[in-house]
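Take a look at this one chain, the form predicted alone, written out in structure tokens.
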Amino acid sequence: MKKLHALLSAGFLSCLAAGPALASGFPVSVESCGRTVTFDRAPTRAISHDLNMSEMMFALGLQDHMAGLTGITGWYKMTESFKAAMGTLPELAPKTPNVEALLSVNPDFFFAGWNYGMKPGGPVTPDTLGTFGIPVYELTESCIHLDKNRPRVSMDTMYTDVLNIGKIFGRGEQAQALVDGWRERIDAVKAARVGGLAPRVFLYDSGEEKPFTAGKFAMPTAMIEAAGGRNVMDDVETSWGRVNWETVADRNPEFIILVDYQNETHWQDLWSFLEGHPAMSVTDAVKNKRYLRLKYAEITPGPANIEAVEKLAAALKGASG
């Protein structure tokens, strides 16, 4: 990191200039999965990975500081609103990018995460990109793949990323205003909750032999709690992973979140599978047809989490018991 910082300092200190990027003051340092990354000026050719991280960038109006994005159309369709925000920015890779795809646009920043565009020991990491002078900010939710002692997920997990991206791009005040507004909306959801037990909620992403779901460190656990429920898999010591159907059925979820990959039939196929599954078909959620369809961007850390919590809270009313 010292080498990277030196490279950045040498390249950027001479470029400090008056303008919006200085509004929050530079240099700035942020914590990224236990590393300290320092920026002497705002990046001007950033790349973001995946829908959720790109939407964080868009929420701060950073398109003019971007050279492209990666990892979207290979997995899901873009919404019309996302396309409008993306404008003419190119998608450099439909799924996980390689180093060559990133270097093709001469980037000066990469916003990604572990299992969100990077894999531990893989070809694209902060270390490998650091040799090209490209700093990386890692999605906080994904840090659990490097450090098993991370704190449990909360809404602050997402807020932290937005605030840090704001600092990196000299938009600290704008980021703080966004987060303040989101906190007010989540507080309003909590204030409107009625008493009683928290409904038992299961998130079903994919998989038939073993379901892929959200554990203790994944954003949906925080969202479900903010909405007044409890993730029945909140003791699984990972962010996203596979469990077995017997455990899920034993915990008898009262409500199920179905992940919508915006590919026409995915969420419907998930529900049809549950209705035909011997163990899951007799759970309270399936018997009573209690489910909510949420888009991928709504259940991964990003601005869409806020509206998703509001939708989930409304759907959970009356689900318990």
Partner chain sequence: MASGAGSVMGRFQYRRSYRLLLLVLAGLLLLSAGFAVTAGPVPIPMETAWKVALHKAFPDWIEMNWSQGRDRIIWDLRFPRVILGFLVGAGLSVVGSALQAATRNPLADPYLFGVSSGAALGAVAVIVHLGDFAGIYSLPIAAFLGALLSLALLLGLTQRQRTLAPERLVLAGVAVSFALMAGTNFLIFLGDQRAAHSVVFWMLGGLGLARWDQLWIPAAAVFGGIAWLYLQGHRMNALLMGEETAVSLGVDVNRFRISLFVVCALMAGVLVALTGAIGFVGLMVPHIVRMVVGGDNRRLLPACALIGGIFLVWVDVLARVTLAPQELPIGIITAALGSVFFMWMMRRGN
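Positions refer to the first chain, counted from 1. Values in this document were obtained by computation on a predicted structure and should not be read as measured data.
Here the subject shifts to the form predicted together with its partner chain, a form of this protein not shown in this document.
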- Item | The single option of E100, D187, D250, D180 touching its partner chain in the model of the complex, heavy atom within 4.5 Å | D250
- Answer key: of R293, R290, H266, R35, within 4.5 Å of its partner chain in the model of the complex (heavy atoms) is H266
- Item | Residue contact check: K95 to its partner chain in the model of the complex, 4.5 Å heavy atom | yes
- Does D127 make contact with its partner chain in the model of the complex, using a 4.5 Å heavy atom cut-off? no
- Does A279 reach its partner chain in the model of the complex if we count a contact as any heavy atom within 4.5 Å? yes
- Query: Using 4.5 Å between non-hydrogen atoms, is S104 touching its partner chain in the model of the complex?
  - Reply: no
- Note on the structure: In contact with its partner chain in the model of the complex (heavy atoms, 4.5 Å), from 104-112, 81-89, 216-224, 234-242, is stretch 234-242
- Query: Listed by sequence position, which residues of 189-208 have a non-hydrogen atom within 4.5 angstroms of its partner chain in the model of the complex?
  - Reply: S206, E208
